[in-house]
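Just the one chain here, laid out as structure tokens, in the form predicted alone.
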């Protein structure tokens, strides 16, 4: 049987993989993309964790739960009366699933549009051959492909607590957390990272009593300290209970729920009884089943694929991108790497600036940032100026009824170049894009301060925070 020949084979169709495949096809290569993810009917579901059990479905649930909270707690302020309000969790999940399928189908359409050959199954290395690598596709129909260049984009999976496997019924990963069919009375979360806070927010809004156990002594340690404190204040007010400096002990799974033994920051023994427990303690790269040893592909201690700054592995013609390599496990980081690798294969100069990758936590208030935090600048001995502007002084935020939080600019004390922008508040995920553009062009805070922003808009808070760097805000 003759193997199918391709210029580029991409293993994995998550954000890094499908984008790499499309960009490579745009550059004139004959491209194959392999992905094993299945939908409920066993059909292909490209898009990886992001589309299927991550970014997209979590935002759908966050939106539904936010509507419910607005209707139940805030409509009265607008003169809107609502009685007999109830949450149909089943319908909320159906809507989420519909959005996921639309995204899956959209990726399949993009493959067809760009003439990318899609193979549904698990891709793994077989051996090196003349001019490339033999890749096996194991699925409904087993096939063998040969590619001159291979891009590994196999993503990551949720890390389980030692000795406490996910059953996706009572002990949940992000997968199970997105498929809960009824509001749990009591919900526990281990880990206060992005997934933990977002899922905690969803189920708190619709009626669950949520407790988050976090091992670190500080809340959101990677976030600018001032922003993290502001966010914690908001979450406390909402009733999201976050315990810091926790040491988790024995976890017992029973017929009715889960019992977690833990020690608080003062060393006192505690017990948390919950109906369901979401474990959000990080993710591990997906390299099991890749058969990396067959070709000598070098892996790290975490199981990640070892790459250089340009995503090259130790093997000629083999690349890796996204969660399976070093760096932040973010969908947009994977996309940028995918594009850069496709362009490098074509002899172009693909580029990713890891200092300008934005981070977002889609809670309410949203938290978003790009660049360095104030504590990082202090540690590095960088002299800087800071400017802040609160949303309570922004007319658009007042009209929205969402004035929590602030915008913070950090700029070099000598040159005024923007070194970091940190936001907690309404639509922070959208506002941070202006900061990314500004910093990509090495703008100064004065540049943003001099640019006309629409009034009234949340974006004016960016201008005002930039003005605050020079202590000349106009509206606060």
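Residue numbers count along the first chain shown, from 1. All values derive from a computational prediction rather than experimental measurement.
The same protein has a further form, the form predicted together with ligand FAD, not shown here; the description that follows concerns it.
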field: One residue of 184, 121, 350, 257 in contact with ligand FAD, assessed in the model of the complex (non-hydrogen atom, 4.5 angstroms)
entry: 121
query: Out of 224, 366, 336, 323, which one falls within 4.5 Å of ligand FAD in the model of the complex, going by heavy atoms?
result: 323
- prompt: Looking in the model of the complex, is ligand FAD within 4.5 angstroms of a heavy atom from every one of 34, 53 and 329?
  reply: yes
Contact label in the model of the complex: residue 58 to ligand FAD, heavy atom within 4.5 Å: yes
- prompt: Heavy atom to heavy atom, is residue 156 within 4.5 Å of ligand FAD in the model of the complex?
  reply: yes
message: Just checking whether residue 362 would be counted as a contact of ligand FAD in the model of the complex - the rule being heavy atoms within 4.5 angstroms.
response: yes
Contact label in the model of the complex: residue 25 to ligand FAD, heavy atom within 4.5 Å: no
message: Please pick out the stretch from 399 to 407, 258 to 266, 68 to 76, 122 to 130 that is in contact with ligand FAD in the model of the complex, where contact means heavy atoms within 4.5 Å.
response: 122 to 130
task: Scan 335 to 353 and write down, in order along the chain, each residue with a heavy atom lying within 4.5 Å of ligand FAD in the model of the complex.
output: none
